[in-house]
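In the block that follows, a single chain appears as structure tokens, in the form predicted alone.
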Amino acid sequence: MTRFLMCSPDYFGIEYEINPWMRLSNQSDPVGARAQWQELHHVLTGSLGAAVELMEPVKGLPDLVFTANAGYVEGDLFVSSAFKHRERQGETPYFDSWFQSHGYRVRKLGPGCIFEGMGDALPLGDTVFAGYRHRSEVCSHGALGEIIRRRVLSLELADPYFYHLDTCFCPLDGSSALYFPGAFDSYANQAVREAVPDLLVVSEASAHRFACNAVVVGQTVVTNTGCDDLKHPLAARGYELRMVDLSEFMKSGGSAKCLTLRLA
């Protein structure tokens, strides 16, 4: 069974600005955010049949809701994140505690290796694709590869609006992925094209609607609304597009993928 970790948005809000999407002048609506989060949870656990584990929200940590950044999960191994910004560093003890209490082996990268979990490290086939520049640092990729004993392919992100890899790249299966070329530098674009046999290029308009920040459950791809141009290309590959309004979380630079951490 597909399993995810989520955290309810009890204390979610725009309390600081650490990416270009976040503006203190553009506050989220708490009632709207809760309704949107509940709809995403309902879609995953309802018709898609996924299991969702929940962790307790913590006052003063508004971005704890974005569980994708907790760390990297593989089997019973959890590689803990080391956040770049002070505003998010307080999340780490809570994530570590949750994984320890649920029987995971918790590992940390070496000192100074900034790493923001499965926001910037996404497995596809035998390779983990890993983004760097805006949030994670490239030194973390070698350290991660040593722990998980897998090839890690480093990709430089060029556009600050796509500050994590999961905002511009989404593996669909072992050989295909959603991908927005404008988020990457020239070398990273070449590396992705060479490494992924089947790339579904996302339009700039849909990329800015967080089309790549998607959750894949079986043959269903769950995205934010406004990504309608993905419907037919996905259908041609055997996938169904399911859209959920996550506009309140876009104000903080997140969408469906950011709100979930895949456990299995």
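The first residue of the shown sequence is 1; numbering continues from there. Just so it is clear, the model here is predicted, and its values are computed rather than measured.
Beyond the structure shown, there is the form predicted in complex with a small molecule, which is absent from this document and is the topic of what follows.
In the predicted complex, does residue 22 have a heavy atom within 4.5 Å of the small molecule? Looking in the predicted complex, residue contacts with the small molecule include residue 22, since a heavy atom lies within 4.5 Å.
So in the predicted complex, does any heavy atom of residue 5 sit within 4.5 Å of the small molecule? No, residue 5 stays farther than 4.5 Å from the small molecule in the predicted complex.
Could you confirm whether residue 253 comes within 4.5 Å of the small molecule in the predicted complex, counting heavy atoms only? Flag for residue 253 set to yes.
How about residue 71: is it within 4.5 Å of the small molecule in the predicted complex, going by heavy atoms? Judged by the heavy-atom cut-off of 4.5 Å, residue 71 is well away from the small molecule in the predicted complex.
Partner absent here, but in the predicted complex, which of 98-106, 158-166, 141-149, 173-181 has residues with a heavy atom within 4.5 Å of the small molecule? Looking at the partner contacts, the answer comes out as 158-166.
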